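Heads up, the chain below is alone and in the form predicted alone; it's given as C-alpha cells.
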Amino acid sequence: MVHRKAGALALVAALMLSTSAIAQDKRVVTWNADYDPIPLAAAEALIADFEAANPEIDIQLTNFDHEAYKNAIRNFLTADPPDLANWYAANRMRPFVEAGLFADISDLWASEGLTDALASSLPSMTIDGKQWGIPYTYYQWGIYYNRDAYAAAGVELPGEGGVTWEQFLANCEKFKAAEIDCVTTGSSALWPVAGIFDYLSLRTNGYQFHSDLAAGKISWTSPEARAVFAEFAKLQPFVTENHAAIDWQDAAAIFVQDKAAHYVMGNFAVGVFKEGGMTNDNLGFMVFPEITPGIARAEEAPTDTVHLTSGAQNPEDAKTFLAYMASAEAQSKWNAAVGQLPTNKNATVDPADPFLSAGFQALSTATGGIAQFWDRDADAEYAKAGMEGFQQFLVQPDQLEAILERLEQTRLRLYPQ
C-alpha cells in the first residue's frame, strides 16, 4: 500500500495513517520515503513481491516530495516514528544515530551475512562499530574518457586496470601539447569540482581521513590535508581554464566535442554524453588512479539507505523487510528499474550497459570504503565553504595558504575544539 503525501500536511497525515493502520488484521510495517515517480514504481514492485511472499505483513509506504521529507524527518522520527525511514549513508545518517533516532541493526547484518554481501558499504554504514541501516542503491563516480581525443593526441588508451597517477599526469602533458584539455569540469555550481577533490583526498590519504576531514575532525593546515592539495596542484594546469564560468553540462559539451579527454563525473552524465553524440565505441570509463601506494581503494558513490527507527512499533517485521531490501534479488530488480547500481555484490546489472557493469565491478571490489560526495559527507555550511575553496584553488593555486587558513577558521567556528 502506498500513500503519497507532500507539503505542510504531510507529517500530520502520516501520523494518522500510522495509528489507523494498527486496526488492520495484517501486521503492519510503516515506511516513510521521498521517491520520484520511477523509484516509487520500483518501490511498489518490491512491496508487491515481498507481500506475496509474506502475506501476513502489510507494508504501508507514505511518500513525500523531497523538500517536504527533509523538513519533516526529524519531526516525525521524534513525534511518532514510522517503522522504516529513508535517508543516506555515512555522515548524513550520523546526526540521527547520535540522537538515538535510528536503531542498531548489527544483528541483521550478522544473521544475513551482509558484512560480506554489502562489504563495500560497510564502512559508510558503520558508526561506533555498529550498523545503522541498509544501503540498497548507489551510482559510481570515476573518470569518463574520450577515445577520439586519445587518438587525436596520439595517446595510448587506458588498459583494463586504468593507469597510474604518474601515467595520467604524463598523458595530460601530451593532451596539452595537442591543445586538448586533459580534464574538464564546470564548477559554476561548485559541486562538480568536489568530485575531483574527493578522489584526490581518498587516493592520497584514504577513506577514514576523508570522512574525518568532511566531519571537521582534521585541520586543513595538517600535513595530510596539504598533501591532497599538492596532488591537486599537479592536476590544476590541465583542467579546462574557464571552468568557474560554466556548468557541468557546458563541460559535457566540451567533452563530447573531443576538446577534452577526461571528465571526473557520476554515471548520471552518461545519458548527457550520449545525447551529445557519443557512443559505447568512443566513451570509456576507468577508476581514478592510485596515488599513495598501499591505500585500500575507496570510491565515490552516493548511497541511498533505509533505516529501522528506534521508535518502530513493529521492528521484527520491519527487519524482515530490510533483509529483503538487502538481498541480491531485490536489489537487482530495484536498480534495473531505476538505472543505478545494487550495493549487494551478488546482485546483477545489465551486461549490455558497459558503464553500469564497470561501475558495479569498481564499487563491489572497493575494499577501502564508499564515500558519499563532499556535500553529503559534510554539513551544508561546511560543505559550501569547502567547495568554494576547491574552486578557488583551481583558479588561483597561488592562494593556497589563504584558502587553507579560511577553511581552517571555518572549521574551528563550526566545530569548536
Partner chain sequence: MAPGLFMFTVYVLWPIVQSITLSFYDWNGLYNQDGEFTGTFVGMGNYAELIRDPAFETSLWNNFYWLALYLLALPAGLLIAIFLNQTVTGIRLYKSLFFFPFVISQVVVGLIFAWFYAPNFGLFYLLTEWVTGDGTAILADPDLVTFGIIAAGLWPQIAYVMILYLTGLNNVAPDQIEAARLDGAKGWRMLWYVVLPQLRPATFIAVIVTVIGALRSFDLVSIMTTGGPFGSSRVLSYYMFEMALGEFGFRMGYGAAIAVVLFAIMMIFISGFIWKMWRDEKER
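Between two forms, the rigid core is defined as the largest C-alpha subset superposing within 1.5 Å. Quick caveat: nothing in here was measured; it's all calculated off a predicted structure. Numbering follows the first chain given and starts at 1.
Another form exists, predicted in complex with its partner chain; not displayed. Remarks below refer to it.
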Original post:
in the predicted bound form, which of 92-100, 288-296, 132-140, 274-282 comes within 4.5 Å of its partner chain (heavy atoms)?
Top reply: 92-100
Subject >> Triplet 176, 183 and 372 all within 4.5 Å of its partner chain in the predicted bound form via a heavy atom >> reply: no
**OP:** Would you kindly say which of 44, 353, 51, 388 lies with a heavy atom within 4.5 Å of its partner chain in the predicted bound form?
**Re:** 388
Original post:
Looking at 152, 254, 225, 323, which has any heavy atom no more than 4.5 Å from its partner chain in the predicted bound form?
Top reply: 254
Subject >> residue 111, heavy atom within 4.5 angstroms of its partner chain in the predicted bound form >> reply: no
Original post:
Contact between residue 27 and its partner chain in the predicted bound form at 4.5 Å, heavy atoms?
Top reply: no
Subject >> Proximity of residue 36 to its partner chain in the predicted bound form, heavy atoms at 4.5 Å >> reply: no
Original post:
Is the gap between residue 381 and its partner chain in the predicted bound form 4.5 Å or less for some heavy atom pair?
Top reply: yes
Original post:
Going through 177-201 from first to last, which residues have a non-hydrogen atom within 4.5 Å of its partner chain in the predicted bound form?
Top reply: 188
Original post:
C-alpha of residue 390: shift of 2 angstroms or more between the shown form and the other one, rigid core aligned?
Top reply: no
Original post:
When you overlay the rigid core, is the Cα of residue 157 off by 2 Å or more between the shown form and the other one?
Top reply: no
Subject >> Closer or farther: C-alpha pair residue 217/residue 75 in the predicted bound form, relative to this form, given a change of 3 Å or more >> reply: farther
Original post:
in the predicted bound form, do the Cα atoms of residue 103 and residue 208 sit closer or farther apart than here, given a shift of 3 Å or more?
Top reply: farther
